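The chain below stands alone, shown as C-alpha cells; this is the form predicted alone.
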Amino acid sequence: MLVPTTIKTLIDEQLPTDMRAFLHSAGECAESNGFRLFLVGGMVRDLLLGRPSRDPDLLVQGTDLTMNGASDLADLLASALGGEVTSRSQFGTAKLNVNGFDTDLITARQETYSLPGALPDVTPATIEEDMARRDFTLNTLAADLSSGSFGDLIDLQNGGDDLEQGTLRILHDRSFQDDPTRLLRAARYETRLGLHMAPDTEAAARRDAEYLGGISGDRIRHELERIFDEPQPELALGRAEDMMFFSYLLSTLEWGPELTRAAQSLRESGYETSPMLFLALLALPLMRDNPEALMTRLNAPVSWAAVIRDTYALRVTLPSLSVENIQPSTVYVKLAGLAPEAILAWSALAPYRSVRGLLLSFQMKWRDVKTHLDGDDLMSLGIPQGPEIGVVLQELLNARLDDVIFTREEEESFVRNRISSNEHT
C-alpha cells in the first residue's frame, strides 16, 4: 500500500454523502472564523486502509492558542449546521452531533505527565506539537480541511511509512510510561489492523507493563470495553496475555488459550458473542475472593459486577447440575436470574458434556418459557389473591418446562384440578 499525498479522492469514494458534506462545511466554517481544522486519528488511518469509518475526529487550532478552540468551534458548527454540542471536557475537547453522527473536536494541545499513568496536564499547542504527543505513529496522520488544501495529508511522524509496512510504533521511549493504557490499545490495534509492533516498541511494552498496576479502574475498563467491542476480541485478549498485561492488572487474572478456543467455538456455532461474554470468559478462571478483587480493580458498574459475580456463582453451582436425569424445572431454578453471558461462557467450558448441554438448553429454550396464564387468570379461576398466586404460577411454569402441559387449556385444567384436589383434602 502506497500512502498518497492527499486523501481527497478517498473521502469522495469511501465516505457517505452526508459525511463528505459535513467535512467540507466544517472546514469552510473553521476557515472563515480564523481556525485551522484537520481530520485526524482513526478515520484518516481507516480511509487509507480502505476500512469503514463513521465518526470523525477533528483537530482544532485557533489563531490565539487557547484551550477553548474545540468548544468555540463546536458552538459555531452547531449553529451553522443545525447540530448540538453534547459534551465538553477540561482537556479542551467537545462532542458535536450533526445529522445523527458524532464528531469529536479536540483542541491542539501538548501533554505532560506528573507521574506515570497520571492524567495529563494540557496546554494549547500547534498541530505540529499535538502530533508529537500522540500514542502511535499511525495515529499522527492528519488531513487538512481548509478549502484550498482539502484532503492534503500531513505526516509529521512518518506514520505513512509505518502504515505501509504494517508496523505499530510509539513516538518516544517513555510513551507507555506516560499512559499505560496504550499497552492495551497496542494489543487491540495489532490484532484488529493486522499490524506488528516494531521491535523497540514491543521491548518497551514488555518493560513497562508493570505500570498498568497504577492505572485507575475506570480507565482500564474503558480500554477493555473497546477490546470487547472488536469483531474478534479474543485475539486482542490473547495478545495482551502474551505480553503479560493481565498479571499486572490483577495477579490472578489471565486469558488462557482455552478461552480463545471457547469464544471461537461459540461464534462458529452461531451463538451471539456479545461484548459482555468476554468479561464472563475473563472472569471464568477466578476462584473464591478473586471476583470481588476484580470488581474492585475495575471499579465495576452494576452490569459488569453482575456478570463477574454470576460467572463465579455458576462455578459453584455446576456440580449440582451433573445429577442424572435432572429435570428442566430444577435447572431453571438454579440458573434463573444469572447473567446470560455467564451461562454461555460456562456452556463452552463446563467440565461435563451433559452439563454443557443443560446450560445451552436453558439459554436457548428454557430461559424464555412463560405460562399462558397470569395472576388475573388464576383469580378468575378461583385461586385467592395472595401468596398462593405465586405458588401456582411456579407450579405451572415447572409443568411447562418439564413438558407435562403445553397449552392454555391444559394450564386451566391443571389449576381446576388443583383447586378440586384442595377442596377434597
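From 1 onward, residues are counted along the sequence shown. Every value quoted in this text rests on a predicted model; they were computed, and no experiment measured them.
FYI, the form predicted in complex with ligand ATP isn't displayed, but the following is about it.
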Taking ligand ATP as it sits in the model of the complex, is Arg36 near enough to touch it, meaning that at least one heavy atom pair lies within 4.5 angstroms?
no
Though only this chain appears here, would Glu31 touch ligand ATP in the model of the complex if you measure heavy atom gaps against 4.5 Å?
no
Taking 4.5 angstroms as the cut-off for heavy atoms, does Asn139 touch ligand ATP in the model of the complex?
yes
I'd like to check something about Glu388: if you look in the model of the complex, is any of its heavy atoms closer than or equal to 4.5 Å to a heavy atom of ligand ATP?
no
Name the stretch: of 84 to 92, 175 to 183, 285 to 293, 347 to 355, exactly one has residues whose heavy atoms fall within 4.5 Å of ligand ATP in the model of the complex.
175 to 183
Partner-contacting position among Tyr211, Tyr189, Phe246, Tyr312 - heavy atom within 4.5 Å of ligand ATP in the model of the complex
Tyr189
Quick one: from Arg134, Arg169, Arg239, Arg297, grab the residue that has a heavy atom within 4.5 Å of ligand ATP in the model of the complex.
Arg134
